[in-house]
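One chain is shown next in C-alpha cells, namely the form predicted on its own.
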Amino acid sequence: MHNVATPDEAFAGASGRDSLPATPTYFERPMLKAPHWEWNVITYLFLGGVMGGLGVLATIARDDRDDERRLRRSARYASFALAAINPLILISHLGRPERFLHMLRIVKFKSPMSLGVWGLILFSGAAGANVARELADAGVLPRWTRHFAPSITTPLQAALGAFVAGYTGVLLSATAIPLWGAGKTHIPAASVCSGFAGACALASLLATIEGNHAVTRKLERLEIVAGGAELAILLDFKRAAGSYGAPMFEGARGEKLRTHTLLAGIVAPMALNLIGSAIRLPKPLDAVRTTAASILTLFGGYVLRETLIEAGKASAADPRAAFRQPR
C-alpha cells in the first residue's frame, strides 16, 4: 500500500534534487488566482462599514433631547450620502453599469455578494425614506412626505446597517484564500466593530463642525468600546491564524497595520477620547482633539481594509498555504 505524501513532503521532494535546475515546480506555483481588487473595492468595503454604523447610530439617538435629535439628523444625512456614493464606487470596479443591474436580477441566498448588493439597495431605500422625513420635519418637503418613512424605517435601517457592516467582512472570509478563510469569525466581527467606530468618529466630526459639543462625549465613549473590541479581535485573529496570518501581520505590511491601524487608528484615538472625558479643555482645543481622534480612527479603518485586501493577494500566491486550507 502506497504512502500518501503530505504537501510539505511533496514540496521538499519537488525542490530537493541537486541535479535539477532551481526553477519553480508545479508545487511552487500559486494554486489560487489573486483578486484584482484595487482602491475602489477597498473604499467600498470601508464606506459600507461606516454607512452601516451610521444607520445604527441614528436608531439609538433619543427623541427627547435636542442634541441627540441633531445627531440623528446628521447621521441620517451622512448615511444616505454614503449609500448614494457606494454603488457608484462598486460600478467603477465592475467596469460597466449594466453589470450592477445584472446582480439585481435574482437573489442568491448562498452568495455573500448577491445578499450584500441587495442589502445595500434596501439600506439605501430606508436611508432615503428617513432623510425625506427629516426634510419634511424641517419644512423643506411637504408634510405628507413623512408618510414615506413610518416609524419602522428607523430600526429597519439599523438592522440593514448592521448587516451591511458585517457583510463587508463575510464577503472576504467566504473564499478559498487561506488568510481570509482563517478569519471566518474574526474578519466579519472586526469589520462590524471598525465600521461602528468609524461611524462614531464621523458623527463626532460632524457634531464638532455643527457645534453640537454635548453629544460628542457620548459618541467618544461608544467609539472607545468599539475600538477596544476591534483591537481585541485583531490581536486574537493574529494568534488564531498562525502561519496563515503571516501576509497580514508580518513584514512591512504587518508593520503598517501595527503603526497605522492598531496604534494610530485605535490606541491613539482611544487615548485622545479618554483625555476628553477626564479633562475639561477649552472648546477650541477640545475641537482640535476631537477632530484629530476622528480623522485617525477613519484613517486606521481604511488602512485595515487595505491591509486585508493586499494581504489576501499575497496569501493567494502562497501554494503551501493553499494546499493546507484552514479548517
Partner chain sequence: MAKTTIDLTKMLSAGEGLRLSERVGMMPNLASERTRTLKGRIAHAKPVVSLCPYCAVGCSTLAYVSDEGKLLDVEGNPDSPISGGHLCPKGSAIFGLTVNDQRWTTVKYRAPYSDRYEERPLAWALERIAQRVKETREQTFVKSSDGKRVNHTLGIASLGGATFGVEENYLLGKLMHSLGVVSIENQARI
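Remember, it's a predicted structure, so these values are computed and weren't measured experimentally. Numbering follows the first chain given and starts at 1.
Omitted here: the form predicted in complex with the partner chain. The next part is about that form.
**Student:** Any of the heavy atoms of Glu255 lying within 4.5 Å of the partner chain in the predicted bound form?
**Tutor:** Result no; Glu255 lies far from the partner chain in the predicted bound form.
**Student:** Whether Ile152 contacts the partner chain in the predicted bound form should be assessed with a 4.5 Å heavy atom distance threshold; does it?
**Tutor:** Close contact is absent here: in the predicted bound form, Ile152 is far from the partner chain, nothing within 4.5 Å, heavy atoms only.
**Student:** Find out whether any non-hydrogen atom of Ala232 is located within 4.5 angstroms of the partner chain in the predicted bound form, and reply yes or no.
**Tutor:** Ala232: no, not in contact with the partner chain in the predicted bound form.
**Student:** Could you tell me if Lys108 has a non-hydrogen atom within 4.5 Å of the partner chain in the predicted bound form?
**Tutor:** Yes.
**Student:** Given that the partner chain is left out here, which of Leu104, Val140, Ile209, Leu88 has a heavy atom within 4.5 Å of it in the predicted bound form?
**Tutor:** Exactly one listed residue reaches within 4.5 Å, namely Leu104.
**Student:** Taking 4.5 angstroms as the heavy atom distance cut-off, pick the stretch from 90 to 98, 235 to 243, 140 to 148, 120 to 128 that is near the partner chain in the predicted bound form.
**Tutor:** This holds for exactly one stretch, 90 to 98.
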